[in-house]
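Shown here is one chain on its own, the form predicted alone, set out as structure tokens.
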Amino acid sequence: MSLKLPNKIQNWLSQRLPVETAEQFIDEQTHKPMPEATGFLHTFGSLSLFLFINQVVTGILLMVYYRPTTNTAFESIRFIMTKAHFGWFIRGLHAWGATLMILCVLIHMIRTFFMGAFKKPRELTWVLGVAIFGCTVTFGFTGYLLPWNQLSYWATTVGTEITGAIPFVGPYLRTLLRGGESISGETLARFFVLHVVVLPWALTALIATHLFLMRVQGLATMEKVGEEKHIDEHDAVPFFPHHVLKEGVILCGLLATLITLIVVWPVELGEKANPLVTPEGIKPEWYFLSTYQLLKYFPKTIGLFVSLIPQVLLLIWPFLDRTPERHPKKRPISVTIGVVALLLAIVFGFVGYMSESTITWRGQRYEIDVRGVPHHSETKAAPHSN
């Protein structure tokens, strides 16, 4: 099914644009056969793309009222949430959309890893995917400061302080990020430029190149490297309408989840940033928690290098795992490493979430220190009154 336009319009366009080439390209892409094993896990790449578009659109709408100065940032966000029509909803779409985008990109990468889809000839596609993930997480970090509330101010202070631990260049990088010795209006301006100008263009370029390579190379099958069979159109899953409908169903579920999160757990604004008052229990977002906790077990400089090991391994993994096998059952070492890495990330993230807090368990009160070790508190938990 090719794209058809009225004859007069088609003739006019064909004299000025390569209409036939565009029609042929669209027809090839919409009817491109996909492996029979293509399932719902293959939809998370498209969901990530949709959420990126959501971030761009809602970000533009928020910029209508947002003012990136220390005197106006907090008040402009409060105006958006309380006075602007559907401002609370737009901010909710943007804030929760960022969280879900990081989650979808992460699931997409996990699926690619365990299915061996990063192997030859898709090594560069994987490297671009890792860069997309890093860029997405950086998006979250730079956007975190923009509301200029207490939590974002002090979390950014901690985050940029870690940069200063890099040998030789650390203090200069910290000053470059902050625009000075401390978090100030200069920091807010720099993070704003990174968040709304630099990162969107960088991520757009990475996604476009990633999609181009993916469409040219096609989805990986479970056969060995170099032994991939030609996809039989009779056994294949057509991209349109079968896979598109599948993505549409998942997209509806994503929208329902996004709206539910906005309504049930609305995004809080908190208190305005105060450099003179340090709140207790400042922690980064969930996607930084495991790294944040890992850093506590080492001296600052050593911890920084240790925390970079997983990222470097992730980036170069296609060049380390050079076995021809793709099926998870035939790659026990790689799969075991992947499972252990995931479990460690979850454990460190949970410990980071629970650290520096007080809990009550079986009527006893426990204080959890910075390393995540619980200590019995002498103060007994107050009994529940009827």
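Each residue number is its position in the shown sequence, starting from 1. Keep in mind the model is a prediction, meaning the values are calculated, not measured.
Not on display, but discussed next: the form predicted in complex with protoporphyrin IX containing FE (HEM).
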> Among 47 to 55, 353 to 361, 340 to 348, 23 to 31, which stretch has residues with heavy atoms no more than 4.5 Å from protoporphyrin IX containing FE (HEM) in the model of the complex?
Replying inline: 47 to 55
> Heavy atom to heavy atom, is Ile302 within 4.5 Å of protoporphyrin IX containing FE (HEM) in the model of the complex?
Replying inline: no
> Is there a heavy atom of Arg178 no more than 4.5 Å from a heavy atom of protoporphyrin IX containing FE (HEM) in the model of the complex?
Replying inline: no
> Does His242 make contact with protoporphyrin IX containing FE (HEM) in the model of the complex, using a 4.5 Å heavy atom cut-off?
Replying inline: no
> Hey, in the model of the complex, does Ala98 get a heavy atom within 4.5 angstroms of protoporphyrin IX containing FE (HEM)?
Replying inline: no
> From the list Phe118, Phe192, Tyr292, Trp154, which entry has a heavy atom within 4.5 Å of protoporphyrin IX containing FE (HEM) in the model of the complex?
Replying inline: Phe118
> Within 4.5 Å of protoporphyrin IX containing FE (HEM) in the model of the complex, heavy atoms considered, which of His94, Lys283, His210, Arg174?
Replying inline: His210
>> I have Leu62, Tyr65 and Lys272 flagged as a candidate spot, so tell me whether each of them has a non-hydrogen atom within 4.5 Å of protoporphyrin IX containing FE (HEM) in the model of the complex.
In response: no
> Mind listing which residues of 129 to 157 have a heavy atom within 4.5 Å of protoporphyrin IX containing FE (HEM) in the model of the complex?
Replying inline: Gly129, Val130, Ile132, Phe133
